Structures are given as structure tokens and as C-alpha cells.
Ligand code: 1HE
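As a starting point, one isolated chain is supplied in C-alpha cells, in the form predicted on its own.
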Amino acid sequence: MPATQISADISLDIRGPVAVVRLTRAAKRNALNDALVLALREVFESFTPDVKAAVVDGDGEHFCAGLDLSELGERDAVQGMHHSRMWHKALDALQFGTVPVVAALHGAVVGGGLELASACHIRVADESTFYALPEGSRGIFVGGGGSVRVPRLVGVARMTDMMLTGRVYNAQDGERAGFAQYLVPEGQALAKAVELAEKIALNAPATNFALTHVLPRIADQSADHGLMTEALMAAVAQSAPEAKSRVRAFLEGRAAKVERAATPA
């Protein structure tokens, strides 16, 4: 099925159980405006049940260069708060939607682009990727959830440094810092992201739900509360018919065993 242009800013390509959502503002380096953010929310809230995983990609040379400052209008404090909350709801639709989301990163992953990437569950970067939070030098503050999500990837100290000094991380340093879980040669991020999404789509739905909805909340709880939440989710997951059939297949020798990872060349 060919990709469908959902709006002027987003296309949707359904590849079996995987939905590839692509930002299509290449002339603007995929900078985020309100129309694009709202379109992202609509897409991620509208997946049919046969979609089991999603990939977010950016058209052209960059994943996303952040907020489109040409559309940054004059707002009072209350208007600014509501605008930020609109972004929060849109990116929550990615993080806490119906499917796990893999980001395919290349070129600029800057400002709001990093906020978007951090709302995804797995990030694959190619060697052209670079990360920055230039809001500090522009007299503004992150408003799309970055103050919550980015420190969970790289820590408060790194985010503070980036915003105070304008520090830019390249692809290699970014992977070591925790911005991405995978680093691939230039031009291969999308293929790797789709490969991972196809693998994720084969998981039991209850397990994927536990990992995307419950695990982040356990991380916010005290140890005692987190252990109780874990016990409840474990009970729910293992009671599902699919879980029982998968365990039976393993015990009967019909499922693959975990093998030692290959040594990099």
C-alpha cells in the first residue's frame, strides 16, 4: 500500500502490522507547527487494531529541527500554558498510545524534535544525527514535555548543560549519553527502525502494553508501590491466553531460545 498524505505535514505508510508516520515539511527541516503537532495526535489516536507498532521518520535531511519559530505568536501566560498542554496531549498520544513507537533519527534532532523523539519508546540514530536544545539561547523554555522526558534519557545535568551552554551532541556521543539505543550507518535508520518495529509487533499485546504504559509509571513510584504494581501487571500478563500458549511452546521446544549476541566485526 502506498503512503497516504494525511495532511500537508504528515504521511502514513502501513506496512503490514507497522505504521510508518513521516513528517513531510522537508523544506522547513520538519520544524513543528501546531498543525503538524495536532496531526500527529490524530494519527496516533486513530490506528486500527491491525497496527501493532509504529515508526516516526522525517522526510529530507533532518528528522526534526524543533519548533517553527515563525509561528511563535504573542501569548500571555495562560495562553502559553494551554499551548504547551496541547503539545503534551499530542506527545502523550505517542508515548501512551495503542502501540510501541520507534523513532528513526537522522540530521537535526533539535528542540521540539528532541522532545518528539523522547516521547518514542526506542530511538534509532544514523551517523548524521545531532542533538541540541537551543531554547536557552532564545529566551524560552521547553514546552513539549522535554523537561520530563529528556532527563529520563540522559539525566538532569546533561540537559541543564545543553540548555545553558548550547552544547550539541553528535551521533556517537549521543548514543553513549543515552539519546538513542541504536546507532547505524548514515541512511539506514529507517530500515533498522522498521526491522525493530516488525519484531515488536510479534510480541504479546499485554507485554507491549506493560512495557509502554506500566513500566514508566513503576519508575515514578516508590520501590514498595512499584513492586506491587509489577506483581499486578505480571499476573495480568501471564493470565492472557496468548501468554499461556507462548510459554507452552517454549516448554515443548517449539520456541527459539535466547542465544549469545554476535560479536561486532
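Owing to the predicted nature of the structure, the values given are computational and were not obtained by experimental measurement. Start at 1 and count along the sequence shown; that's the residue number.
Another form, the form predicted together with the ligand, is not on view; read the next lines as being about it.
Taking a 4.5 Å heavy atom cutoff to the ligand in the predicted bound form, the contact residue among L36, L67, V56, A53 is L67. Contact between G143 and the ligand in the predicted bound form is found at the 4.5 Å heavy atom cutoff. In the predicted bound form, the ligand lies farther than 4.5 Å from every heavy atom of D126. In the predicted bound form, E135 approaches the ligand with a heavy atom inside 4.5 Å. The ligand in the predicted bound form comes within 4.5 Å of no heavy atom belonging to A231. Stretch 135 to 143 is the contacting one of 117 to 125, 189 to 197, 169 to 177, 135 to 143, since its residues have non-hydrogen atoms within 4.5 Å of the ligand in the predicted bound form. Using a 4.5 angstroms heavy atom cutoff to the ligand in the predicted bound form, all of A27, G112 and F130 count as contacting.
Of the residues in 45 to 64, only H62 comes within 4.5 Å of the ligand in the predicted bound form through at least one heavy atom.
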